[in-house]
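Coming up is one lone chain in structure tokens, specifically the form predicted alone.
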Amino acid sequence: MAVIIAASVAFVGCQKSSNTIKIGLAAVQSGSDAAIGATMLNGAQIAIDEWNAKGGVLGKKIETISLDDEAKPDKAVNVAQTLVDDGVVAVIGHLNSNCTIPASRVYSDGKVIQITPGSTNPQYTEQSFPYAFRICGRDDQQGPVSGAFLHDVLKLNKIAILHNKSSYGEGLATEVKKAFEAKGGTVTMFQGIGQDESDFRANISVIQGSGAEGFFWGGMYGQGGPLLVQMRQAGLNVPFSTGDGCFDHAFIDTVGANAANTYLSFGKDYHAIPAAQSFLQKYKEKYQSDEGAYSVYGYDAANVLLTAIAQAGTTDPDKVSAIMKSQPFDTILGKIQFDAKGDVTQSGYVIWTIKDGKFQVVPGNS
């Protein structure tokens, strides 16, 4: 019996002393929002490949486990538990706030570092979990940028708002409403719809009857594109504004010739930044396509995480978390620093438009 116990202990010890460090990659990778999630994780994978080419971290190769949460909260919780059970030391993800928030408790209980490249709902970091971080900004940083643009730049006094009832969509829509009303504007309609709806004629009729001079959509591009097309087909040509959830080339492809008078809030343009050029080239070579909206955010998230692990000299979550909150990090997006909650201290949101089939920053707005 003593021999059997000793052998069992030795076997468990061998398992724990694996020669790889496991990192989870979690986001939506199927359905109408698949592209934005998959390209985000692709960016993270490029950074991890670069680290592995240099020998990995802490003398070990980095092994990734990529799982699809399907943009569903219950699926995200299952994905999180699977990753924790598989022994990951950290997770890069999720994309959708309604997935990131419920999954975060699983990671916190499992003492796993989580850094999301794209979830903007404030509730994620307001839970005060010690291992929760985000590389992007928050809705209460993004919403005021859109609200101020609609009121101060476009000179609108009345807007209608529609959202997809998700943590992200409703959360951002609420922040836009608050910011616009604080400027003295009036929100003539504030409604939510299911994430599977595709016929927006009834909603458009309400918008038309509300006297709105502009419109804001709080949701993803899978619905946002068809919504804009149907609005234009109905003769509703007021400015169409939305957030980062529609910042994907699939949105441009869907709206086509209806793209005029469309505005989106997102981070600063990194294409002209010298530090981004190598990444953009590697992305195109590896995936035979251009990067997605959150590819750079995924890349930066992975680099920050692995840098912190290397500097901590361990994968211990408390020590890695302490490093992440103690200093600034150089990234493609610029120098970033986390506050005590795990949020970045500067968000960098600007307003974009669509011109010549491309996203372009609105002049004088960077």
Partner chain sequence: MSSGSTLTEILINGVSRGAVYALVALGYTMVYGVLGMINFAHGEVFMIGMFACVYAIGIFSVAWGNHVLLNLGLGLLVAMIFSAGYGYANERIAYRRLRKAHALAPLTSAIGISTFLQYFIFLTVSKQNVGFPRYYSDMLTSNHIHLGGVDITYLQIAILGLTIVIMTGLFYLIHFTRFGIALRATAQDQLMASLVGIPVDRIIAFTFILGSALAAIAGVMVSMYDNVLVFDAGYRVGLKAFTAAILGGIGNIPGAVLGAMILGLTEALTTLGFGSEWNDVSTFAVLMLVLLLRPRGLLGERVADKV
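Numbering follows the first chain given and starts at 1. In this text the structure is predicted, and so the values were computed from the model without any measurement.
FYI, the form predicted in complex with the partner chain isn't displayed, but the following is about it.
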Discussion item. Check Q191 for me: does it contact the partner chain in the model of the complex (non-hydrogen atoms, 4.5 angstroms)?
Written reply: yes
Worksheet item: Heavy atom to heavy atom, is G222 within 4.5 Å of the partner chain in the model of the complex?
Response: yes
Worksheet item: Hey, in the model of the complex, is D269 touching the partner chain, heavy atoms inside 4.5 Å?
Response: no
Item to complete: State yes or no: in the model of the complex, is some non-hydrogen atom of K165 no more than 4.5 angstroms from a non-hydrogen atom of the partner chain?
Response: yes
Fill in: Residue stretch of 225-233, 116-124, 175-183, 87-95 approaching the partner chain in the model of the complex, non-hydrogen atom distance within 4.5 Å
225-233
Discussion item. When the partner chain is placed as it is in the model of the complex, are E197, S205 and T254 each within 4.5 Å of it, taking any non-hydrogen atom of the residue?
Written reply: yes
Practice prompt. Let me know the one among Q45, S321, S32, T331 whose heavy atoms come within 4.5 Å of the partner chain in the model of the complex, would you?
Written response: S32
